[in-house]
Ligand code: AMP
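First, one chain by itself in structure tokens, the form predicted on its own.
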């Protein structure tokens, strides 16, 4: 049996090489950039007006004052999208719209609401400095500058930046293909009638939802009885098609726990089995070629814990994220906890922020078969092995769950 830290290290060492692909930007949301993106153009592409108003030469206003104004003849309109081939001559001004290119010879803009217009003339009664209300070429992004870093998550604003740079496609890290297999004669699909000895399958639905929450819908979901033949067939198919295979149930030492033997027969090399933790001790991890395999215990709380502490980081790393683990914080615990002397404990918990900082409280119903308290959980408290009681108010390590599993 290995420690929690050793298990994570072994998984890291066995993550296969990342794959890349090129996608259209309208399909890039949620992927991770596999390249640095540099600006092929200046932004803005040319000097343009930040306001609706009038554009003119600032030098011609230097003697203007109240009682001795200067007049400019208004010569036409310049709209956004017009070619940059206009020129403002001496004692002339043009109406200009927001985003329109600044014409040659002009260097300042007077907002419409500040302008004094008399007939076809613009009257200026003050000195107007150069550069007012002008967006200069390249002031936001200069051509050739690195705009987006490899390893960045593509969110809606990222798509907007790519589009503004004129890019219609981008290279990203491909998401892993994931298959789920849940085992157990006792499991039935929700919505069915329960017969004696049966329970509803929550694991496959829960982990399928967790994957979809990550933007990685599973390639296939199989629910298999405790049969060597059926389990072997399902595992063989999934191993051929998947980057990650997740099995739930059948990894302990029971008479009908076939998963380890089936995986060995399928050519999967066991990296480890059993981690000194609670819940989730009989965790299995193996590899076959470029496919990695997780065998999660069958109890729902064990499945949930092992998924977020081990599978979730592996999925993120294979998707190209630089930070793959759940976000970790320190918070003051609101009740005393007795550690296990040999195992790392993962306690379902809720962290809150108040005037005294961050505090965290373990929730009820901590047993590995109990899932209901996970509804209120937004984190795990990780308690390392120790003989010493964790005191109320002591700072403890907290692993945050994704935001959609409880509000922070």
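Computed from a predicted structure; not experimentally measured. Positions refer to the first chain, counted from 1.
One more form of this protein should be noted, the form predicted in complex with this ligand, which is absent from this view; the next part is about it.
A single residue from the set 243, 82, 201, 107 has any heavy atom within 4.5 angstroms of this ligand in the predicted bound form; that residue is 201. The contact residue chosen from 286, 103, 250, 279 relative to this ligand in the predicted bound form is 250, the criterion being a non-hydrogen atom within 4.5 angstroms.
The partner is not drawn, yet in the predicted bound form one stretch among 73-81, 311-319, 118-126, 186-194 has residues with heavy atoms inside 4.5 Å of this ligand: 186-194. In the predicted bound form, this ligand sits within 4.5 Å of a heavy atom belonging to residue 298.
Remark: residue 174 does not count among the residues lining this ligand in the predicted bound form, judged by a heavy atom distance of 4.5 Å or less. Although the partner is absent here, residue 329 sits far enough away that none of its heavy atoms falls within 4.5 Å of this ligand in the predicted bound form. With a 4.5 Å cutoff on heavy atoms, residue 257 counts as touching this ligand in the predicted bound form.
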